[in-house]
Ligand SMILES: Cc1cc2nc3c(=O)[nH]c(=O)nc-3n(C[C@H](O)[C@H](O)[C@H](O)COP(=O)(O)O)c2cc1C
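One chain comes next, on its own, written out as structure tokens in the form predicted alone.
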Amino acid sequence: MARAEKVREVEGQVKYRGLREWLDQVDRMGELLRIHGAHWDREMGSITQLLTERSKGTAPAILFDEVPGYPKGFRTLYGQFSTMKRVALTLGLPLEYERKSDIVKSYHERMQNLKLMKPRFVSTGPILDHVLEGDDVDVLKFPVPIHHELDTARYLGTADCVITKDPDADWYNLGAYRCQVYDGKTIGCQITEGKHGRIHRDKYFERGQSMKVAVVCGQDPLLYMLSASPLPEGISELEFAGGIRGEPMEVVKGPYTGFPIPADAEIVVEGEAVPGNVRPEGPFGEWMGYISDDVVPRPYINVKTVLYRDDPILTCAPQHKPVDETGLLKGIAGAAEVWKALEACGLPEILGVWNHEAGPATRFTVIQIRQRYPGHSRNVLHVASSCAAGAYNGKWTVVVDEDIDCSDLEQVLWAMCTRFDPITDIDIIQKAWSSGRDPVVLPGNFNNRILVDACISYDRKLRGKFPRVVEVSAELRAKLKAKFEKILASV
């Protein structure tokens, strides 16, 4: 069974700077696939889905070039985070683990001593190779895809970082929000209620003010990963990325917004959203695995400038039926934040947290603990499901004992089938935070969720009255592996 404490350390952790160095490393790892000639109209997104849906965590990152109707070198990148190794590479963590949830443990431990670093402004960078203003502005200069077969519009922003500024503080937030293209000078920006970018926009609009925005559509994968992570209010993803790097992120001043824009970004669109200016937005294939058909009027962005570097790469992440190319991205980042929240509430002996990829994201969260007191498991369930990282669109929250690997779904199901009573070990939360992405969303954007206590009853555990597990002990394992080294080398 699972042993929660051990993380295998690997020598020679990979370092990179910017998307292009990241791609070089991924290529050397044998995880980059280049495809020439795929069309922007549904072909690139569909190819990605076909390569990802049954890959079991082995799908490549896909770089599309020679897109019909566009110059060679104007590329798109899909599937950045389809494997554990690429997530680990992005975070500067060891590339190999005994259990999937150990990468969350490593990331959580990294965050414990993380020191935020403000970005460093530089006078120039590759993103300023080309600056389009006025009549020259055209976001369709790039091979912006129609991602899914049932989508009706092209989407510039999927694997993006939308930069907004709090009107009441010197705080820039980066969020991954989808951006539909209406024409070369107008794009949408769908932001769910409660997300930091939405709170910023609501503040501006409540005061009758326009909001400036910069949409980064090709960037260091670390920034994209953080933009999709539930970081606390007031913490900029740029500063967090600097802390992970151990050095400040280099940024240039946006010519229209004045915002800090990553100097090595690929494509950036600057503009403004004006109160009262709305257009119908959607439909789009979303992360729940369904076509999100909540087509309603939403604020849009008037594009003022377009910045891009030579041979730009448009990063894309169209979600589809799980497991998709963003399951690990959202799951690992969210699990680390859940772990942080549990410990911040003083809950002891948290041994692992995992968001199962088929969930997707935070819809099936499992926490592994070593019980220390009556009610410990229930404390964990309620905090994990209600903290910022676990609250949005959750569905199942499960807690298991220390002998269950929380990232191994077969072990979790075994615990749910043998240590869980459907009357006494279940709690329900009603009217929780949801959104139109949920196909069974309740009126008002609420949902209900289930909390499952799949731990051995604490009193029976304490008294040793629960049946013993059929298992090979650690001592016998070691003895057999030494005697039959070749046969049991991978066990």
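Residue positions are given as counts along the sequence shown, with the first one as 1. Computed from a prediction, not measured in an experiment: that's the story for all the values here.
Keep in mind that the form predicted in complex with this ligand is missing from the display, and what follows is about it.
*Asks:* For the chain shown here without its partner, which stretch in 110-118, 311-319, 402-410, 366-374 has non-hydrogen atoms within 4.5 angstroms of this ligand in the predicted bound form?
*Replies:* Among the candidates, contact is made by 311-319.
*Asks:* Looking at Ile103, Val303, Ile191, Met211, which has any heavy atom no more than 4.5 Å from this ligand in the predicted bound form?
*Replies:* None of the other options qualify; the answer is Ile191.
*Asks:* From the list Pro299, Gly289, Gly197, Gly254, which entry has a heavy atom within 4.5 Å of this ligand in the predicted bound form?
*Replies:* Checking each option against this ligand in the predicted bound form, the one that comes within 4.5 Å is Gly197.
*Asks:* Would you please decide whether Glu266 lies within 4.5 angstroms of this ligand in the predicted bound form, comparing each non-hydrogen atom pair?
*Replies:* Glu266: no contact with this ligand in the predicted bound form.
*Asks:* Does this ligand get within 4.5 angstroms of any non-hydrogen atom of Thr76 in the predicted bound form?
*Replies:* Heavy-atom contact with this ligand at 4.5 Å: absent for Thr76.
*Asks:* So in the predicted bound form, is this ligand close enough to Ser229 to count as touching (4.5 Å, heavy atoms)?
*Replies:* So Ser229 counts as contacting this ligand.
*Asks:* Tell me, yes or no, whether Thr158 is in contact with this ligand in the predicted bound form, where a contact means a heavy atom of each within 4.5 Å.
*Replies:* Thr158 belongs to the contact set for this ligand.
*Asks:* Can you name the residues of 171-193 that have a non-hydrogen atom within 4.5 angstroms of this ligand in the predicted bound form?
*Replies:* Those in contact are Asn173, Leu174, Gly175, Ala176, Tyr177, Arg178, Gln190, Ile191, Thr192.
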